[in-house]
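Next up: a single chain in structure tokens, the form predicted on its own.
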Amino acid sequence: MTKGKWLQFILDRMIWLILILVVIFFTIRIGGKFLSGTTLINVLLHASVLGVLTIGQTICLLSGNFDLSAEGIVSLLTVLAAWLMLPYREMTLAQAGGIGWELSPYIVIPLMLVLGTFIGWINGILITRLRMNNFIVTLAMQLFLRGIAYVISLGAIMPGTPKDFNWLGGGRIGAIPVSVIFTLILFLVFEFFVRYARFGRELYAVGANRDAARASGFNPEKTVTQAYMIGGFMAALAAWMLLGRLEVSVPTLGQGMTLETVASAVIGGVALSGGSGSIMGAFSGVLLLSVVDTGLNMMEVDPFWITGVRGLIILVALLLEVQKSRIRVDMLAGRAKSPVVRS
């Protein structure tokens, strides 16, 4: 293995080494309590909603696109779900009820998933068919959806979601939260799907070079649209999980999570330019942010410092990504300059 390949190999797995070092640091500072089962569950629980959203974001990033609409989907669907399920009550400045239909969770949940997927499809159509900028389209969609959430709720909270609805976000199997098990299964399923299914090959090809992918017989427009539909579906799942955990809807739910999903993916080695990275790499980024948040909270560090540390981690991740890109370019250039041996 050449020096360049060794460096590439090490940089691709650097995030796991950093994660281990961070865990060792917090264990030394906090003690054995940090390695307890309760802390581990808290780390994974904190990572569950962010992890589900990060899967959708990673799929879009692999195709060479951003999805900034996910947190808007979470805001709208959490408000809409509560509005459809809760009984009617007189609205006050602090609290609101539903429309009074009191729909079953078994109707509302599929409706949420279909609506989230449909919003993703609209994003994909606007970007691929109308050639609109993916960053602006999804940012505008985020603002539009959160605006609708505020119109429905008037900014008030909607408490008291049904028990059957809350199972995914608040249920437990023994001592382990259902949301943790569900999120881990999702990461494994999507890792297999992206790595071995035809769609995964199309995703990497389109993200790496759209023209070359088209020349290979792939349909970039279809692949990008499907990526956004998956992103919308995952945002709907995250909305169900988050509302089920909190049992209270408010239009600000999900706010700020878009940047966290991008950060998690980039920290885990997913290239912003597309065509490079993995689902499990993104999972490592989610874990790192969750471990840092949990550890600093246990140390009672000022929340402003937590934000600063997150920013530093993202900068280090971007530095690693730049180095990986430089090594890839150098390796390609070296191959191009190597002499061709003819018989």
Partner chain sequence: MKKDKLYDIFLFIVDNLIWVFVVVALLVFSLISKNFFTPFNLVNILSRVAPLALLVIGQSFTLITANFDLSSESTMGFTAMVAALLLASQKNGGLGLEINPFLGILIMLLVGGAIGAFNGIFITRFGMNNFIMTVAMLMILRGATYAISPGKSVNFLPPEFDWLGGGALFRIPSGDGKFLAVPVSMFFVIVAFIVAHIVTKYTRFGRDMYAVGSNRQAAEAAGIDSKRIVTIVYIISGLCAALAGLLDAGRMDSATPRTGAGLIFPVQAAAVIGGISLFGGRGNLIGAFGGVLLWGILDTGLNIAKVSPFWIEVSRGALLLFAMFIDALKVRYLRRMALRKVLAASTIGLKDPLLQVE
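Numbering follows the first chain given and starts at 1. Treat the numbers as computed from the prediction; the structure is a model and nothing was measured.
Only in words, not in the display: the form predicted in complex with the partner chain, which the text now covers.
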Have a look at 266, 213, 86, 229 for me and say which one sits with a heavy atom within 4.5 Å of the partner chain in the predicted bound form. 266
Contacting member of 144, 121, 167, 218, with respect to the partner chain in the predicted bound form [4.5 Å, heavy atom]: 144
Just to confirm the contact call: exactly one of 185-193, 150-158, 72-80, 230-238 touches the partner chain in the predicted bound form at a 4.5 Å heavy atom cutoff, so which is it? 150-158
Does any part of residue 307 reach within 4.5 Å of the partner chain in the predicted bound form? Heavy atoms only, please. yes
Does the partner chain get within 4.5 angstroms of any non-hydrogen atom of residue 250 in the predicted bound form? no
Contact of residue 135 with the partner chain in the predicted bound form (heavy atom, 4.5 Å): yes
Residue 115, heavy atom within 4.5 angstroms of the partner chain in the predicted bound form: no
Is it true that 126, 259 and 314 each have at least one non-hydrogen atom within 4.5 Å of the partner chain in the predicted bound form? yes
